[in-house]
Every structure is written in structure tokens, then in C-alpha cells.
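To begin, one chain is listed below as C-alpha cells, in the form predicted alone.
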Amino acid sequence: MPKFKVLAVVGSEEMRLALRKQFSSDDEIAMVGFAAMDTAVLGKIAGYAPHVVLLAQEEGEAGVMEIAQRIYQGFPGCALVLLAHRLDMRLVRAAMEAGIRQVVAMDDAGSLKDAVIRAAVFEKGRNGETGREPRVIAVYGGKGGAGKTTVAVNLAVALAQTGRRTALVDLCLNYGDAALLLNITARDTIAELVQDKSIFSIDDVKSFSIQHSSGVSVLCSPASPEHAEYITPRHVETLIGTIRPYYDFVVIDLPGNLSECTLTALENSDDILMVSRMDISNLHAAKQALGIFRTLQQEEKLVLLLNAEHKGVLKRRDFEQVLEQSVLQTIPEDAKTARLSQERGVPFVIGMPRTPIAQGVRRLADRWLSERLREGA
């Protein structure tokens, strides 16, 4: 049964952690993301298209009713639930006037799930579309040389070639190679974006991005490794929230290290595509990464891709047994095509579309286009 998607507008990290823990393995509710109590939440709602927005009115928090009213008016079909420190008739009356369906006390966590479900069910009576459901795909590989950047670049290009609005964000902040694989030279990068703008709009992001000939909008990594320190987790969260509503797909190339920026990107993504080669060191790295994802309660987002499949000691079933995770798909080994593609700066889904490796990436893109990620290969 499909889950009710909930976006929580919560400032406190302690409360965010408590909500993640409460709904991490729930069969009916999925926490799709978090946002701060400001107008930027409207963009996140447009992107995530949640069934319910959970508003936490924390001590000293002002403006929650105004935000609620804007959500109610702007997103018919999206229910509102308020978490409040103290319940009284004045608060309940104000909540009703703002369009809030349910009000729950913060110390009554046991009632929260029922309130969320009731609000979502009642809201179905209002006509209106919640809009598209963009997908943010974080491409991660715990072991260097797994081919995650190659996969990320070619996946983004394959999606863009179908006519979908696609963005590629290179968050390998120290040594990003996405621009190299696309044969583009970036004068402006994510480092210049965050230095120039403390708060940025979609127009700001686009002005610091490069439009590739394939149709992909590319935001490149810093030109020099020392500029990586300019980018903070808050920048990453704001960036993803800003661009999400304007694209059908956002592909994020992530580094192997689990920095705060990387963890923030994983948390704000819809899917985590973990790329692994079929050897023992990659299997070991994948197992370690999977353990971290489980601890962070991100396992449900995870899909596993085996890159450079070849005859050897390890098989697909070995990965599935050790990781206790089904493999989404395998891509055949084709070192020659991959090398030529990198040297020419032309993604192989464009330059060598008939090769097995290109066809493998296109099948991968088709899975997102048909939304059949977890049905198996």
C-alpha cells in the first residue's frame, strides 16, 4: 500500500531526529524531508508534493499560522497538521481559520500518526493538483573507481534526452570531474554561487550553471579544492530545495566521504543510487556504507547498481546475500568505451549509444521514468 508522504517543518534537530525515529519503519507514513519555518517551505512543497505538511510550533516561533494559510491556499490536496507545546481553544480556533486539519500536543507522540492519517484522508475531499513529483537522485559510491561520476553524468544526459527537465549537481567539492566528462569549462561554480548569494533563487542557480548541449543544466564543483570550504550543509539543503520544483530530475554526484554536506544531500534526496564494482573491496565498502545508511534511517531510499559486470569470483547474488539488499541493475563492463568517452568529453549515451554500457544506462534511466525502482532488474 502506498505511504502517506509527510514533509516536516521543524527547526529543532532534536525534534527532527525524534520524527525520523518514530516513522523510520512505519508501514503507512514516509518522512520525505524537512524544512525551516520560512517561505522557502513553499518551494519544498511544490517539489516534494507531500500528502501532509507537519508544522511544529516551537517555543518563540512566530508566523506559523501565516505559513499554514499560504500552504492551505496554494496547495489544495496537501493537508496540514500542527504540533504545539500547549493546546487551548484560542490556538485551535486560529489553526482552523488557517486551514490546519489536526492539532496535536508535542508531548502526545502516540496520537501523531493517527492525526496525520486523518488529515490526509480528509484533505482528499478538496479538489486540486499537488503538482509534479520531481525526483532527486543522489549517486554515491563508497569506493573510489566504482564509476559513480560516469554513471551520474550519463544517467543525467539519458534522462534529459527524453525531454525531461534535468539538472546535474556536482557535489564532489574537492575533486569533481563532471565538467571534464562533459567537456565544459565552468567560469562560475557552486563556490561562486554561495559566496555571491547568501539566499538564492532558481534564477541565481541557473545563472551560475551551464546548459550542456544534451539539455542538462550543470552546476559544477569548485574549480579549486580549497574553495570547497565555502559550501556548508545549509547551502546544500537550500540548493536542493530551490531547484527541486523546477526540474523533473535532479542528479547529484556525491563524493565517497560522508561529510556533513554529503549527509545533507542524502537526507534531501528521494533516491540513493549506490554504485559498486563487482570485487571484494567494493563489496566491503558497500557493506560499510549500507550500515551507515541504516543508522541514518536512509536505507529505504537505497537502490544498488553493480557497475562493470564481468565474469569473476563474485556474482550478483553474492552482493545481494551479503548486503541483504536486492540489486536494481547491472551494467556490463566496457572499459574501452568508458575511457574513450572520458577522453573525448562526450557521454557514451550520446557518442556511442549502441554500446552495451550505454544501453545499460538507458535501461537505468527508464526505471526512473517508469517509477519501477524497487521491482528488481
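Nothing here was measured: the structure is a model prediction, and the numbers come from that model. From 1 onward, residues are counted along the sequence shown.
Below: the form predicted together with a small molecule, not depicted.
The candidate stretches are 239 to 247, 201 to 209, 145 to 153, 80 to 88, and the one lying within 4.5 Å of the small molecule in the model of the complex by heavy atoms is 145 to 153. When contacts are judged by a 4.5 Å heavy atom cut-off, H235 does not count as touching the small molecule in the model of the complex. Interface membership of N307, defined by any non-hydrogen atom within 4.5 Å of the small molecule in the model of the complex, is confirmed. Among heavy atoms of I357, some come within 4.5 Å of the small molecule in the model of the complex.
Looking at A335, you'd find a heavy atom of it within 4.5 angstroms of the small molecule in the model of the complex. Although the small molecule is omitted here, in the model of the complex all of R277, I331 and R339 have a heavy atom within 4.5 Å of it. Of the residues D188, E133, D271, D177, just one reaches the small molecule in the model of the complex with a heavy atom at 4.5 Å or closer; this is D177.
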